[in-house]
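Taking the form predicted alone, here's one chain by itself in structure tokens.
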């Protein structure tokens, strides 16, 4: 997976982001001020930088100037339109404001990594291989026929692997906010995926919550 630099001076937020990115398989380095970020990038290359703007020593705008085109997501409390425009004009790949949803940050990280080709186009676990580029799923080398919603659900589980997702959140992510069905729809699709992929022991039921795809990091 990707090598990610987290530049955030609030220790609790820095650690929260780091833990969740590591859960889905990324390698993370944390720094807490702008000078440390610049120094780190002078000694090592990164696939992605998650960057606050209001930092000690050097602010995030100055850091991105010296980042040598490292793909960057601004994660900041500065939510004004001028700040957003400035961030994008300086080369940011995305801009997310605080407070933020961790699942949204993970989705944006995945999107930037795919755009910059810093993440694999395929995912493998056991006897299952998923080709994201062609939206194809294979089990024991054989193509598995998945409905569009089964594939979308599978992709959400993979992108958030090792993280427990509630049935309600899965409904929002896969079926949308305006879906009129209930959470039993998620259960039915999960059962179908388990059977098609032989993932009865890999897609875990989280008691009174939802589901988690468990894979080795």
Partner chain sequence: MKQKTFLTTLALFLFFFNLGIFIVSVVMFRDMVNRAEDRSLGEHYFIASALIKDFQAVESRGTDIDGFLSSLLQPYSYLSRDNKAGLAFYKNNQLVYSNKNATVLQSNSLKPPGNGNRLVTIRKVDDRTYAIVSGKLPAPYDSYTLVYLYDITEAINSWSHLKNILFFAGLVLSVVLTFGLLLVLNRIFKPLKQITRISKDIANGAYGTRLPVSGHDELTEMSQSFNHMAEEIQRQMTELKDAADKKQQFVDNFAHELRTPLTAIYGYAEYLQKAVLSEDDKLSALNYIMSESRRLQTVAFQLLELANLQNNQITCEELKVSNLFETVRQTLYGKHAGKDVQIEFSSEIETIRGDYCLMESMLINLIDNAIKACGDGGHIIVSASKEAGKKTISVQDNGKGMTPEVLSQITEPFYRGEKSRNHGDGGAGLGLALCKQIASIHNAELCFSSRPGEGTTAKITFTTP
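Since this is a predicted model, take the numbers as computed values, not measurements. Numbering follows the first chain given and starts at 1.
If you look for the form predicted together with the partner chain, you will not find it shown, but the lines that follow are about it.
With the partner omitted here, the stretch from 37-45, 63-71, 183-191, 155-163 that lies within 4.5 Å of the partner chain by heavy atoms in the predicted bound form is 155-163.
Just one of 98, 139, 84, 135 comes within 4.5 Å of the partner chain in the predicted bound form, counting any heavy atom, and that one is 98. Checking 125, 122, 102, 111 against the partner chain in the predicted bound form, a heavy atom within 4.5 Å turns up for just one residue: 102. The closest non-hydrogen atom of residue 107 lies beyond 4.5 Å of the partner chain in the predicted bound form. Among heavy atoms of residue 195, none comes within 4.5 Å of the partner chain in the predicted bound form. Within this chain, residue 55 lines the site of the partner chain in the predicted bound form, having a heavy atom no more than 4.5 Å away. Residue contact check for residue 90: none of its heavy atoms lie within 4.5 Å of the partner chain in the predicted bound form. Taking the partner chain as positioned in the predicted bound form, the residues of 7-35 that bring a heavy atom within 4.5 Å of it are, in sequence order, 9, 10, 11, 12, 13, 15, 16, 19, 20, 23.
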